[in-house]
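Just one chain follows, in the form predicted alone, and it is written as structure tokens.
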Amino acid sequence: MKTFDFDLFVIGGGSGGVRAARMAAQRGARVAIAEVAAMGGTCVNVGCIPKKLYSYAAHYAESFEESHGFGWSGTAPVFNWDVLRANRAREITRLNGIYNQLLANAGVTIITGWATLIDGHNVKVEEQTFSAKNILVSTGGTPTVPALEGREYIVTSDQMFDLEPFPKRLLVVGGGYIACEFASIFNGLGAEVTQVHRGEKLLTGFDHDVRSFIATEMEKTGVRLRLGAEVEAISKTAAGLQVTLQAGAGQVTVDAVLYATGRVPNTNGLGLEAAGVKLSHKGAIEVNSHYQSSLPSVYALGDVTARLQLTPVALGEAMVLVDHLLGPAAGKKRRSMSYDFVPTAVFTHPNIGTVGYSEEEARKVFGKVTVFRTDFKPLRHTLSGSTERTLMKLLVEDATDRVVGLHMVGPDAGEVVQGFAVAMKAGATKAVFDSTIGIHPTLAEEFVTMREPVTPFASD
């Protein structure tokens, strides 16, 4: 029987890779993990965590302004970009250390360097070669930038946290959640933000009411939306970066141009195809239900497989994979992974929280669907002076009374929706929602007090 250096070799120290390595080592497996950059991957270093910290920072300006309606007076503090950057960097460094410590405590061998696959059981990192019974590729994704004139002036989401100097004028290109979040964040921090998107609505794939509502709310805060527009070229002038839009749609002069038009799997330079690992036409590693690639000893999970590109999904996949390779932990059942009713949030201003199907999807999948929807001014804004409104929406399958879609645009939407996601995962019906007592006065209670459908059954 062949002896390997490791039972599991993990390429990529992001959320999924770290979780798989740590859990496998705790089960007694001999595990190594190779990472060329800071431990923690996109989420910790240039994604979820720093982005949420900056989102918190961006809310303070409006909070200071709103406080006057509640009796507070005086001049608001002045924002210091350098302080925010330094504090964020210190926190991320702390998290990097925690990730390294968790791995070390579990007995994982940490290898620093770029890893490439030699074959199904061998990996090369710099000048060293390691063998493993199984190999896991969890290298995540990376932003893409189109080939256009002036491409060299473009920045991606990875660079936004340390721009120097702070861009007083920012152009954001894209209509997905990353583009919308950065547009909201930098607008809140004091930049003049213009967002250009080739589509007629933001956030393709989200519920149509959410898409229209968030555009209105973002424009209220000061984000200038240019929908149905595309960038033709970028040039550097004495006044700043001059961005020319296609079809004679005009020009915009800014200090920085962020492209957030998509991400691609990090599969280049890993030796995957040469080793026999099949990739999709978009460069993602193709895997089966056990996260196994076309090369039986090589597995992949997270963004590199281009399924649901969410950190908690990668973490869940890692736990399922470890159970598959090593069996469940003592006294535990073997885990499984379902991609139904995965909740998600978008940290725009205001936030978006969603779980389940959009109205369009629900009608295709379930046929007869009843819609409950409300939008209103929250209690807080009766005194704050803000014109911000909140949207809440439920989609109910008529045949079963099951709630199959739940959407919210409003403050702390992610916090509100997380709890309802549990109920929906358990199959909660509209009758269960209706019989649940709300907490008053809260925004969340609206989800259990909506009684009148927007689209009555008779009109479907």
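One-based numbering along the sequence shown. Worth saying up front: this structure is predicted, and the values here are computed from it rather than measured.
There is another form of the same protein, the form predicted in complex with flavin-adenine dinucleotide; it is not shown, and what comes next is about it.
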Study note, to complete from the structure: Within 4.5 Å of flavin-adenine dinucleotide in the predicted complex by heavy atoms, the stretch out of 417-425, 403-411, 33-41, 54-62 is 33-41
Exercise for review: Answer for I11 alone: is it within 4.5 Å of flavin-adenine dinucleotide in the predicted complex, judged on heavy atom distances?
Suggested key: yes
Exercise for review: Tell me, yes or no, whether N266 is in contact with flavin-adenine dinucleotide in the predicted complex, where a contact means a heavy atom of each within 4.5 Å.
Suggested key: yes
Check your understanding: Q292: heavy atom within 4.5 Å of flavin-adenine dinucleotide in the predicted complex?
Key -> no
Review point. Does T139 reach flavin-adenine dinucleotide in the predicted complex, with heavy atoms at most 4.5 Å apart?
Key: yes
Check your understanding: Out of V322, L301, I135, V193, which one falls within 4.5 Å of flavin-adenine dinucleotide in the predicted complex, going by heavy atoms?
Key -> L301
Point to revise | Residue (of S297, S212, Q159, Q309) lying close to flavin-adenine dinucleotide in the predicted complex, criterion heavy atoms within 4.5 Å | key: Q309
Exercise for review: Counting only non-hydrogen atoms and a 4.5 Å cut-off, give the residues of 104-119 close to flavin-adenine dinucleotide in the predicted complex.
Suggested key: G113, W114, A115
